[in-house]
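Just the one chain here, laid out as structure tokens, in the form predicted on its own.
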């Protein structure tokens, strides 16, 4: 998968895996990661699917309607890519924090839905429920921050609450942060994510 790796100055901290929104690239979330913690390793990935020339992490049938078969395949592809990247770049495979926006948040959530050991935690900006009607792995000791918009036209507030409930049922620790905005990624939610990260991981 096309990506950028930047080695951090503190190898005891999590490696941030950055996952962009539809039409984004591996460069989009670099400033966000820098604001949250400038000392970490960064692995920023570009989605392998193109929709009308726009990179995505998995196919969809319509807005808000996922191609579940492709989602499962692409989630496995990303999971295996993280294995290889950890080996190549020498970071701790068991200390990964995913940061995703929109489509990137959805594939990050899908990693949690399908694999117990994929990531240590996640900052999910405007995610949806990736799949329904499946049993999740036990997500004990997983810490997840969800940023949601009360007026988000793509991801309803009910969907955000449902995702929180599903993850908590799987034993994850989930913090749901609300913005009185739409689907855009705001600096105020990034600031809230930073506060959560420092409190949860003690910056380490």
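Everything quoted here is computed from the prediction, not taken from an experiment. Positions refer to the first chain, counted from 1.
One more form of this protein should be noted, the form predicted together with D-malate, which is absent from this view; the next part is about it.
**Student:** Using heavy atoms only and a 4.5 Å cut-off, determine which of 142, 60, 175, 46 is in contact with D-malate in the predicted bound form.
**Tutor:** Of the candidates 142, 60, 175, 46, 60 is the one lying within 4.5 Å of D-malate in the predicted bound form.
**Student:** Each of 22, 66 and 154 near D-malate in the predicted bound form, meaning some heavy atom within 4.5 Å?
**Tutor:** All three within 4.5 Å in the predicted bound form.
**Student:** With the partner left out here, check for me: in the predicted bound form, does some heavy atom of residue 103 sit within 4.5 Å of D-malate?
**Tutor:** The answer is yes: residue 103 has a heavy atom within 4.5 Å of D-malate.
**Student:** Does the 4.5 Å heavy atom contact test between residue 128 and D-malate in the predicted bound form come out positive?
**Tutor:** It does: once D-malate is placed as it appears in the predicted bound form, residue 128 has a heavy atom within 4.5 Å of it.
**Student:** Which one, 133-141, 157-165, 35-43, 50-58, holds residues whose non-hydrogen atoms are within 4.5 Å of D-malate in the predicted bound form?
**Tutor:** Only one stretch passes the 4.5 Å heavy-atom test: 50-58.
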